[in-house]
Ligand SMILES: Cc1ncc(COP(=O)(O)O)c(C=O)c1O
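Just one chain is shown here, as structure tokens, and it is the form predicted alone.
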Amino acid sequence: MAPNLANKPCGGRYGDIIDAIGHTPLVELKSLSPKPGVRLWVKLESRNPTGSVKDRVGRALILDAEEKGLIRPGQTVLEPTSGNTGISLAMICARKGYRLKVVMPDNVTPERTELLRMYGAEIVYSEGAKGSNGAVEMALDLAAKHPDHYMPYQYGNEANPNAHYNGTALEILEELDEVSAFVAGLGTGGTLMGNGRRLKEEFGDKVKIVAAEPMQGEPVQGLRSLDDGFIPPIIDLSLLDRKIFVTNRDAITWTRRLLDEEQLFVGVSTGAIARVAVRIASELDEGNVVFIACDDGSKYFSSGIYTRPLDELENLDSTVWW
């Protein structure tokens, strides 16, 4: 007799690549759980079509604009990004017949530039030292100069958190009867807000919503420090139970631990989030802790973080990564 497996078969049948977004695996990381009664789970958003959680957001932004009549075929979509949202939008816009112009810091990894060009996006570079805040500032200026462009503006568009409220969180609830803590990175805020609202509705104060936030001045790609002065409009800080600071070294070290101990090939923001998730798990006696793997490692090959000795990586200036 075949065993009664809890897992579902991978795959499915879809009429279009856009329809294949979501339905990502939830995987237990037994070697990293600090206590026998605490189960640590990672939601592998890296399994989305372009390799990141932002596929959910990109789809939601475009579908929302179409439903509201805000965009027409052939129109140019304009969006600030640190890479992943731009790549997701580039794929979706290519499928749907929209042009895409992205504003992105000039110090991101070359893989991100190549992926955007591969999907046909136009890239406008902002000053790398200003991070994603600089990209937002430049994109808003371009939008004012080009009223014919449509900017979804992931930082202020409720379609962003709704992609998780109606998608990611429901998938977690399908698999787990209880969640003690949910951990995600502080970026646009969409992942934290959408999942946080849905999980709080289900479990109330029994679930803690925790943000991994870079220390000010630490360049953890894809994450932001609120101390830099820009709080995305979609973020409701009252929904967060805790914010825990992480460093670039945390991100690198834990990205390697996920690879070496659990054979998970993920990006550096996931390493930072994993660091916080394990800390939260260590404070509990029992329960499920869920965190998000934002993207895979394919966009970071040029950094060398997956093959170079860890002690060598930790001693390098963090600015070399981006």
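When you see a residue number, it is the position in the sequence shown, counting from 1. What you are looking at is a predicted structure, and each value in this text was computed from that prediction instead of being measured.
The following text describes the form predicted in complex with the named molecule, which does not appear among the structures shown.
A.B. asks: Out of 272, 294, 61, 289, which one falls within 4.5 Å of the named molecule in the model of the complex, going by heavy atoms?
C.D. replies: Among 272, 294, 61, 289, a heavy atom within 4.5 Å of the named molecule in the model of the complex occurs only for 294.
A.B. asks: Is the gap between residue 186 and the named molecule in the model of the complex 4.5 Å or less for some heavy atom pair?
C.D. replies: Because a heavy atom of residue 186 falls inside 4.5 Å of the named molecule in the model of the complex, the answer is yes.
A.B. asks: Can you tell me whether residue 191 touches the named molecule? I mean in the model of the complex, with a 4.5 angstroms heavy atom cut-off.
C.D. replies: Residue 191: contacts the named molecule in the model of the complex.
A.B. asks: Report whether the minimum heavy atom distance between residue 221 and the named molecule in the model of the complex is within 4.5 Å.
C.D. replies: Although the named molecule is absent here, residue 221 would touch it in the model of the complex, with heavy atoms inside 4.5 Å.
A.B. asks: With a 4.5 Å heavy atom cut-off, would you call residue 84 a contact of the named molecule in the model of the complex?
C.D. replies: Residue 84: contacts the named molecule in the model of the complex.
A.B. asks: In terms of non-hydrogen atoms within 4.5 angstroms, which of the given stretches 116 to 124, 222 to 230, 239 to 247, 174 to 182 touches the named molecule in the model of the complex?
C.D. replies: Looking at the other structure, the answer is 222 to 230.
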